[in-house]
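Take a look at this one chain, the form predicted on its own, written out in structure tokens.
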Amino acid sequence: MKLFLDTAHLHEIREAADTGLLDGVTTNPSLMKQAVEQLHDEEGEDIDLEEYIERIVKAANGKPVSLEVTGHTYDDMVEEGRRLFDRFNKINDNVFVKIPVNPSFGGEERTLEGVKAINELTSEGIPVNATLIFTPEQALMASKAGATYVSPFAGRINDLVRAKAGMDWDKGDYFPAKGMEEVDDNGVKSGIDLIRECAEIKDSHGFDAEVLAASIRNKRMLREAALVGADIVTAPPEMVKQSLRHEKTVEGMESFTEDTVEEYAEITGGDQ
């Protein structure tokens, strides 16, 4: 399974790259704007958003970076996708364009324009990350249209199911992969169940599109996404660090340190 970092902060991308864990980056305009403002406020650096995107693309070390369009029509999404790819892919040959699977909203019906844009950009050699996927059938259609990645939003499906059940919850709370007996979203029991069904459709029909598990809210969801067949999980940096933590590991380190033999430490050149 590949691990993408969900961030816009350069130091976090570089840190993950140095560990060998980084397989790609997902981000969005809001995160990038916040990072630019933080850079200005904390370090006094005067940099615009376009230059900052260049730095992200470089920092990813050739690993995929997903940049999203802001338009909602077929023409706008295709034009913006071309512009993003032409402007930034030449830097490190690693830009993917995020296209919403269905850009309809506010009563405006554009159901097919997302997959149409995915198909057009793909035919032009521009790799696409089909985003805002909340059903296995959306993942199926995006895959058929040619998307390189399909991104089911697992955490938001958990929110929806809990809301239907009238539950109170905090964003980072764990929600069981098996869901609840009495509540689902058209048969999807949880966000992890959504990822599993997307992966099963891909495997059953031999689609090339990789399932990119998004909206991962805690380290147990990260683990479960891997277990049900996600090709990629995108997670914030702190969640990656949390996945490496366990109280018994800390206890073991303390025990190993206490048991260090002086002569052995001299051989390794380590602390005594």
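All figures in this text were calculated on a predicted structure; none of them were measured in a lab. Residue numbers here begin at 1 and follow the sequence given.
What comes next is about the form predicted in complex with a small molecule, which does not appear here.
- Contact annotation for Lys171: at least one heavy atom lies within 4.5 Å of the small molecule in the model of the complex.
- A residue is said to contact a partner when one of its heavy atoms sits within 4.5 Å of a partner heavy atom; Asn28 meets this definition for the small molecule in the model of the complex.
- By the criterion of a heavy atom within 4.5 Å, Phe153 is counted among the residues contacting the small molecule in the model of the complex.
- Though the partner is left out of this view, Ser215 does reach within 4.5 Å of the small molecule in the model of the complex, counting heavy atoms only.
- Interface residue among Arg162, Lys98, Lys202, Lys189, judged by heavy atoms within 4.5 Å of the small molecule in the model of the complex: Lys98.
- Stretch-level contact check against the small molecule in the model of the complex with heavy atoms at 4.5 Å: of 239-247, 42-50, 207-215, 225-233, the positive one is 207-215.
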